[in-house]
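Take a look at this single chain, the form predicted on its own, given in structure tokens.
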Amino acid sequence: MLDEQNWSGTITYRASAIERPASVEAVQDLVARLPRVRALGTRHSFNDVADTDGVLIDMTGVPADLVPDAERSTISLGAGARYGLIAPAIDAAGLALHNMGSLPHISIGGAIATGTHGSGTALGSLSTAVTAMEFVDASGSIRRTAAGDASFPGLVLHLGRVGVVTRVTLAAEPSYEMRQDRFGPIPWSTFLANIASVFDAATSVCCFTGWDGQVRETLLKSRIPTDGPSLVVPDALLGAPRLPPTPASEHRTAVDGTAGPWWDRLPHFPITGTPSVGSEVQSEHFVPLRFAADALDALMSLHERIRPHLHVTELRTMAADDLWLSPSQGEPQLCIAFTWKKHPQAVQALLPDLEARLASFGGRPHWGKMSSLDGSAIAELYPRLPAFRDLIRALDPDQKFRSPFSERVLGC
């Protein structure tokens, strides 16, 4: 039996083998000759979304081959590249991404496939940066899709079901600098009454709570204007004072009000350190931002059951998009991310009640994290799922990229 696990050590892959190709051509050969395959990135999923009962293809060894194009405002690169390793080179070319996740160690292809995101009410998920994508189909051939194609919104956020993505083209913009400042604490009732103003206070805002009657810390990530008036950062947020600065360390990017490159301020963690490996599991749940206060109030009723198993809950926001399987399709979302202690059985037992509290608000789970929702519940939350199934039937008639997760959760 294959003894390979995910990031947290809570998922042991059922695949018969893991192949580690060093070129796109090698990926094509593997896909063409193997009956069941699935792409694998940096293993930062807390469920079996990346697993297969066939062979896993680890994409992290395929060269990034970064091609920045300032004229077209795009970046083309291999899907197995990690954000934190490639971002400085993007910056050196005078370009930037619109957003990054809190953890820069994740692969670009994996983040896009699962709807992973950063924070910002006006910023879309990492999947929304994709303008074109190349993938190996079931025959081993390279296919390309680009914005404007009728099926493009169904192919970008694909959960590994369309094939093995080898290369992506991302929208870029001129490089910029940011700063981070933190405030706290904010009483829970004050926060609920002012959610919109909190998340509008900076380019990217992250709030942390332990479900103990307060938001213990609010992190403002502010983009520094390149022209126009200077950035003004308040001394207090809803009466909560600015907290003492914390310099950069192995476990945290600089939160000290100093200017730094976008790639060293948008993530919470630096690429040089690997936080929390093996000591946590995660779940994350999305609700429309207009329901934020009511949804959080509903979850507070579970605080006594949540707190014994919790490291921290992070609250973030995400702009709307039109991707068929995106948790943020249709309208802006509040993202409620639980970083749990490594108590997977207790968390799994709690999730049905937690997700039931969010059901009336249309709560959707993060595709790469723990959830109790089955295929019938997922189908009600994703109106374009039937169209996605039709697309997959056309692309993969022999079900080469089917997996236990896709069958159980997507029905295809």
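Numbers for residues come from their place in the sequence shown, where the first is 1. Predicted model, so just to flag it, every value in this text is computed and none were measured.
In what follows, reference is made to the form predicted together with a small molecule, a form of this protein that is not presented.
A.B. asks: Which among 32-40, 342-350, 66-74, 373-381 is in contact with the small molecule in the predicted bound form, heavy atoms within 4.5 angstroms?
C.D. replies: Every other range fails; the passing one is 32-40.
A.B. asks: Within 4.5 Å, heavy atoms only: does residue 101 come near the small molecule in the predicted bound form?
C.D. replies: Flag for residue 101 set to yes.
A.B. asks: Quick one: does residue 282 come within 4.5 Å of the small molecule in the predicted bound form, counting heavy atoms only?
C.D. replies: Residue-level check for residue 282: yes, a contact with the small molecule.
A.B. asks: Quick one: does residue 182 come within 4.5 Å of the small molecule in the predicted bound form, counting heavy atoms only?
C.D. replies: Contact check for residue 182: no, nothing within 4.5 Å of the small molecule in the predicted bound form.
A.B. asks: At the 4.5 Å heavy atom threshold, is residue 55 in contact with the small molecule in the predicted bound form?
C.D. replies: Looking in the predicted bound form, residue contacts with the small molecule do not include residue 55, since no heavy atom lies within 4.5 Å.
A.B. asks: Work out which of 215, 165, 157, 202 lies within 4.5 Å of the small molecule in the predicted bound form, going by heavy atoms.
C.D. replies: Flagged contact: 165.
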